[in-house]
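Quick setup: one chain, the form predicted on its own, written in structure tokens, and binding and motion questions come after.
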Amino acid sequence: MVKLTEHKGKEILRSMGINTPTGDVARTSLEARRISESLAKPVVVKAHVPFSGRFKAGVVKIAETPDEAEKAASHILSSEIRGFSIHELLVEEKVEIEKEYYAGIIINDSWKVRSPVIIFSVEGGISIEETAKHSPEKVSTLTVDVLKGVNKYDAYNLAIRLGVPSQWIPKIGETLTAMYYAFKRYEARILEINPLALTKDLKIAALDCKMVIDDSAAPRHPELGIQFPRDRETPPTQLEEMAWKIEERDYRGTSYFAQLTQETKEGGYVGFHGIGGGGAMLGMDALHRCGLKIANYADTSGNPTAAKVYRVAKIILAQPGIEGYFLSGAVIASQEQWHHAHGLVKAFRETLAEKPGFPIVALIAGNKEKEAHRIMKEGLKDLPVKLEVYGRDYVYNLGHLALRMRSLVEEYRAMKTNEPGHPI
């Protein structure tokens, strides 16, 4: 899933007739000043990042004048949030608030529901989870019949049940109805306005917007300009962008790559390749318990082609500083596993010929298991790596494989330390 920026989400809301504060995106403090001058009123300067908790992180500032806006922008642009730099700001008019509400739509994928659910609360500006936990009487919900959709009376009832003053019910109802239309139109998984404000000048306005689009729907909405349709709270790394290109137009099986760290100097990092998400987690847990660290998470499953496996393996191996490769196929897979073997052999032969002793522990089980093992062993027999291949007997014994990985990593590290010219 991909989280839209606040500005993009608000563009969609405005296109549906929902009020939002006037503002624009700035990339420099001078641009922030110009926007503030053009608005000619106090503004809110926000870090334009898809993170929650920006206010607590100190990257949302109120500015009464253009001078203050420029100063606030300079401060935020020089800040980091969760280790990442801030490159864009959203500068908007400051709105005087009379009352804050909450409005949201999610997909409830419980087998009992499997429908969009509209959530409305008379307590906005705080976590809806907290409100639902401590003041459930302030929250109303509507499970949507997707064949019938949402009419204005459904939306009115959400507000009426919570005692919203009658003069605001039509505007809130129209906003909720428009939100559902946007949610459906853009194939969203989450659309949240928090707060949905009643302003001092008696308007209903969306002061914030969180909109998450189903990544499978991203190609159907080129107007959104989504370059990296993954639900992440950090900007993609170069390798992650490369990995997305593998998946972008190739629907034969699935692949995924997330780089968990770019700093591997302290050693002990292993390139991780899973087959099937749940089973792969067992491998990650086993490696951690042995004191090894995971440089990345990658998965190839759903019967991918050898070409897709090869390209993902090349990206895993492109990470600097990794001291081993762990393939965690901790599942009796129905897919034809020799595709994995062919892809891995090609990637390893192209990448590891100059890395003698590089450790590879591979667990491949399921359909074409024996053939896959034979391809791996014969295809890599003249490569100077330390290869160990395991099958179905070890699907429930990941601990043993993790210990073997650690031993091979230690041998590899000792071998490199003893190389002529290696700094002691």
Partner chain sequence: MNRDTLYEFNSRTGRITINHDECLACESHACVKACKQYGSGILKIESGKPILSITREEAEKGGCVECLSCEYECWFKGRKAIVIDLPLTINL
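A quick note: this is a predicted structure, and the numbers were derived from the prediction, not measured. In this text, the rigid core denotes the largest set of C-alpha atoms whose superposition between the two forms falls within 1.5 Å. Residue numbers count along the first chain shown, from 1.
Just so you know, the form predicted in complex with the partner chain exists too; it's not on screen, but the next bit is about it.
- Heavy atoms of Tyr310 reach within 4.5 Å of the partner chain in the predicted complex, making it an interface residue.
- Among heavy atoms of Tyr153, none comes within 4.5 Å of the partner chain in the predicted complex.
- Contact check for Gly58: every heavy atom lies farther than 4.5 Å from the partner chain in the predicted complex.
- In the predicted complex, Thr305 approaches the partner chain with a heavy atom inside 4.5 Å.
- Residues with any non-hydrogen atom within 4.5 angstroms of the partner chain in the predicted complex fall in just one of 175-183, 210-218, 253-261, 331-339: 331-339.
- In summary, among the residues Arg189, Lys99, Arg230, Lys346, the only one with a non-hydrogen atom within 4.5 Å of the partner chain in the predicted complex is Lys346.
- In terms of contact with the partner chain in the predicted complex, the residue from Leu162, Met281, Met242, Val113 that brings a heavy atom within 4.5 Å is Met242.
- Taken together, Ile246, Arg374 and Gly379 are fully in contact with the partner chain in the predicted complex: each brings a heavy atom within 4.5 Å.
- In this overlay on the rigid core, Ile375 has a C-alpha that sits 2 Å or more away from its partner position between the shown form and the other one.
- When the rigid core is held fixed, the Cα atom of Leu387 travels 2 angstroms or more between the shown form and the other one.
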